[in-house]
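As a starting point, one isolated chain is supplied in C-alpha cells, in the form predicted on its own.
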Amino acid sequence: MKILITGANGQLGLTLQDVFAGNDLVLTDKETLDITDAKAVDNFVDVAKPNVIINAAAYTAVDQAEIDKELAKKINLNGAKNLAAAAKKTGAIFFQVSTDFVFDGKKSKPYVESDEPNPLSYYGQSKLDGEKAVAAVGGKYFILRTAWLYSPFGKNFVKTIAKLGREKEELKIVSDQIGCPTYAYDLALAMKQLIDLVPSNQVIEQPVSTGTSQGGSSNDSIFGLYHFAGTGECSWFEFAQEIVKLSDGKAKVIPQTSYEYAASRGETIIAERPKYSPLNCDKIEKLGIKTIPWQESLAKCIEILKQNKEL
C-alpha cells in the first residue's frame, strides 16, 4: 500500500513511519510539499497516486495562533481542505487529525462526536474549520479528534517533564485543566486498524461520497468523525506526577492554577484552554478498535526513552 504522510518529521509523522514500515511511504514536510497551495497538492498527489493520505501536519502553537491567525488558517483549514480534495479526486483514503480544543470544556462528562463544538481559541477554531472543510469535500475520509499527544520523538510534555523531573527539585504544573493523554503510537495503530476495516476494493478504487462529518451518509460506511484518546482522564499536574514517577525523577510536583502558572513564568495567557475536555471513544471502540489506559501507554513511552538513553 502506498501512503502519503504530511508533517513526516513531526512526532506523529515519525511515529506513523514506524507503524506503517513495510509499506511504500511518501514522506513530505513543508519544504517538499506546501499543503496550503491547492495546485501544488493536487499535482503532487496526482503524480504520487497514494492509496492513503495521512495529514500529520498542523499549526499547533495555541497562543501564537491568536497572533498568526492567517498562518494557522492556511495550515489547519486550507491545508486540510486541499489534501481532502486531492484524496477524493484520486480515490485515496484520507485521515485528518483534529483536537479536543474544538470544545469549550464546560461539560462534566467526556465529549461525544455529536456534541456541539465551541472553540475557546483560534487554534481550536482553525482545527474545527478544517474538520468542516474535509467533511464538505467528502470522499473516503476519517477525522480523528485526539488530545494531549506525546511520543518518544520531538518535543512534547512527556519528554520535557521526564527530563526536568530528574534535574529539578520541584516542578509547578497546571492542575485545573483535565484531559486525556494520548500516545502517538496508539493513534497511529488506530489509523492502521481503520484502514484494515475498509473493504479492499474501496482502498484502491474511486471514491464514494460519505456525507457529513458525523459518520457518513450510508449505513454501511465506516468513514467520518471519531474520537480517539487514551483511556481515563487526568490533569496536567497528575500527568506530570506519573511521568516523574515512571522516569525515576526526584522532583516534587506542585499543583498550580493556569493563571498562577503563567504569572510564575512572567507570561500572560493569550488563548483560553478548555478546563475539561476528555473524549468519549465509544464510537470507535464499537468498530473493535480499543483505546489504552493512559498510564499503560505512558509507561511504554518512558521505557523507550530509557532504552534510547534519553533518560
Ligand SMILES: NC(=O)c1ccc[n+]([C@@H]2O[C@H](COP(=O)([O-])OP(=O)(O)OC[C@H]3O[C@@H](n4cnc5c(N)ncnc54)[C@H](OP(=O)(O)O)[C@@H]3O)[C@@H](O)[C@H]2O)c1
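Don't overthink the numbering: it's just position in the shown sequence, from 1. Just so it is clear, the structure is predicted and the values come from calculations on it, not from any experiment.
Keep in mind the form predicted together with the named molecule is missing from the figure; the text below concerns it.
Undergrad: Quick one: Leu33, Ala58 and Leu149 and the named molecule in the predicted complex, is every residue within 4.5 Å by at least one heavy atom?
TA: All three within 4.5 Å in the predicted complex.
Undergrad: Within 4.5 Å, heavy atoms only, one stretch in 94-102, 114-122, 128-136, 164-172 touches the named molecule in the predicted complex. Which?
TA: Result of the contact check: 94-102.
Undergrad: Only one of Gln17, Gln11, Ser297, Thr291 gets a heavy atom within 4.5 Å of the named molecule in the predicted complex. Which one?
TA: It is Gln11 that has a heavy atom within 4.5 Å of the partner.
Undergrad: Using heavy atoms only and a 4.5 Å cut-off, determine which of Asp68, Asp63, Asp42, Asp29 is in contact with the named molecule in the predicted complex.
TA: Comparing distances to the named molecule in the predicted complex, the residue within 4.5 Å is Asp29.
Undergrad: Taking the shortest heavy atom distance, is Leu225 within 4.5 Å of the named molecule in the predicted complex?
TA: Leu225: no contact with the named molecule in the predicted complex.
Undergrad: Is Leu194 a contact residue for the named molecule in the predicted complex, using a 4.5 Å heavy atom cut-off?
TA: No - in the predicted complex, heavy atoms of Leu194 and the named molecule never come within 4.5 Å of each other.
Undergrad: Quick one: does Val158 come within 4.5 Å of the named molecule in the predicted complex, counting heavy atoms only?
TA: Outside the cut-off, so no.
Undergrad: Answer with yes or no whether Ile75 is in contact with the named molecule in the predicted complex, where contact means some heavy atom within 4.5 Å.
TA: Yes, Ile75 lies within 4.5 Å of the named molecule in the predicted complex.
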